[in-house]
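One chain follows as structure tokens, the form predicted on its own.
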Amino acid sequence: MAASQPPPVEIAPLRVLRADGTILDPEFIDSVPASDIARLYAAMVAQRVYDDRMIKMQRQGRLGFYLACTGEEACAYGPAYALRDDDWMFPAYREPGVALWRGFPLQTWVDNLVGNCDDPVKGRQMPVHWSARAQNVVSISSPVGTQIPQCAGTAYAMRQRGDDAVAICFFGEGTSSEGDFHVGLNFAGVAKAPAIFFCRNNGYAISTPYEKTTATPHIALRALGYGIRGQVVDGNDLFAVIKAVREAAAFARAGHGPTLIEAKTYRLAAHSTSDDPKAYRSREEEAEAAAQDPLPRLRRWLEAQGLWDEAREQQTQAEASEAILAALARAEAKPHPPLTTLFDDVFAARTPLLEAQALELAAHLSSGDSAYRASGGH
């Protein structure tokens, strides 16, 4: 006798704002100042301008690589707004908004993308691997998923120390197939660590569609296997994202442990500047997804409240364009980091071996080769 298939499990995503801009949860709306939402929307509009400019930079050969967050802005700016400044954030690639909203200077972000002497990581990382230590935002790592156990461990350490803070990490649904995902959630569940695991389910792990990566209809269902709280949220609804993260943070601060949030969204842009989504997505699919774009959805609500109009939209875009172009001009005028910085920050202080290597490099650079003298050792 053939085994029967398990019944499908469906979870309605948490939603506050419909696609047409009307409200499902007026009580929650009253808890968020409308002026804050207008500022968040302006920041999301600016982010889209920044992304567009950086993609053009890469196409011009002035930037080695870039990843846009087009269509997923609410998944960064929502959590950044919902959490406190002393909470720790472990971003993936598509969350510059978590740092920019907290005050990370736009110029510093651009310096990192260019890799100049003012890049906080001194040109050692590829673009989009920025670090914002002053904002409690941990640096991005190329291997996907490493931030998940790091977030769990940080949250556990804060709990042991008696801090009233939480840690949140961001990742795509493809990353939930990595071992780090299971290690991190299992540890956090056992330790009741005050952590939030924020899965940005944008439908594709680069070019692999969601249904080819897992048989579960919802990543959030995996929370059950680790004995932790799970939540599915409409990731294109800024209000719903804020609400979900607020609730998860309150749950964690009360000592109840972590939450796995799955934000259903869509990557409107390519995975990166090395990707062509036309090879694996239809125009019809993209058009259908664009109808759920978080920016027009939020703008409809703001306009209905008399908080936004076309003139303000144009002004916001123009100011963002001016700011990013000015930051790029300054960034490209700066020299590369000195080669001697290779030996800094490896340890708290240079070891004897590093000192010996630094002296060896200095001797090599001053050996008389005109190429080294012309470049100034940079």
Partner chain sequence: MAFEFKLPDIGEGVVEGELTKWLVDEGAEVAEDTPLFEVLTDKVSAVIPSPRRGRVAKRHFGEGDVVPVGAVVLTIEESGAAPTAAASAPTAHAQAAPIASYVAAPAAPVAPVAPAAGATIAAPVTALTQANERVRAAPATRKLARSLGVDITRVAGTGDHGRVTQEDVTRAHAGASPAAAAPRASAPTAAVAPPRAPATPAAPVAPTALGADEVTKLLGLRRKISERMRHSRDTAAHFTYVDEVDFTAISALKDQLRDAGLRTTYLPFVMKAVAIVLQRPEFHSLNAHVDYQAGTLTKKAGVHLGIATATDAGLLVPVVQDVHGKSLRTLVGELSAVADAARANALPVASLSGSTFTITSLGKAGGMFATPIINQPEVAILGLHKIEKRPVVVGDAIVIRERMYMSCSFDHRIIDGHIGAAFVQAVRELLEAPALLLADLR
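Positions refer to the first chain, counted from 1. Predicted, not measured: the structure shown is a model, and the values here were computed from it.
Form predicted in complex with its partner chain: not shown, discussed below.
- This chain appears without its partner; in the predicted bound form, the one residue of Arg39, Arg350, Arg330, Arg62 with a heavy atom within 4.5 Å of its partner chain is Arg62.
- The partner is absent here; in the predicted bound form, the one residue of Ala287, Ala279, Ala215, Ala254 having a heavy atom within 4.5 Å of its partner chain is Ala279.
- Interface membership of Lys56, defined by any non-hydrogen atom within 4.5 Å of its partner chain in the predicted bound form, is confirmed.
- A residue is said to contact a partner when one of its heavy atoms sits within 4.5 Å of a partner heavy atom; Thr273 meets this definition for its partner chain in the predicted bound form.
- Within this chain, Met126 lines the site of its partner chain in the predicted bound form, having a heavy atom no more than 4.5 Å away.
- With the partner omitted here, the stretch from 311 to 319, 62 to 70, 28 to 36, 334 to 342 that lies within 4.5 Å of its partner chain by heavy atoms in the predicted bound form is 62 to 70.
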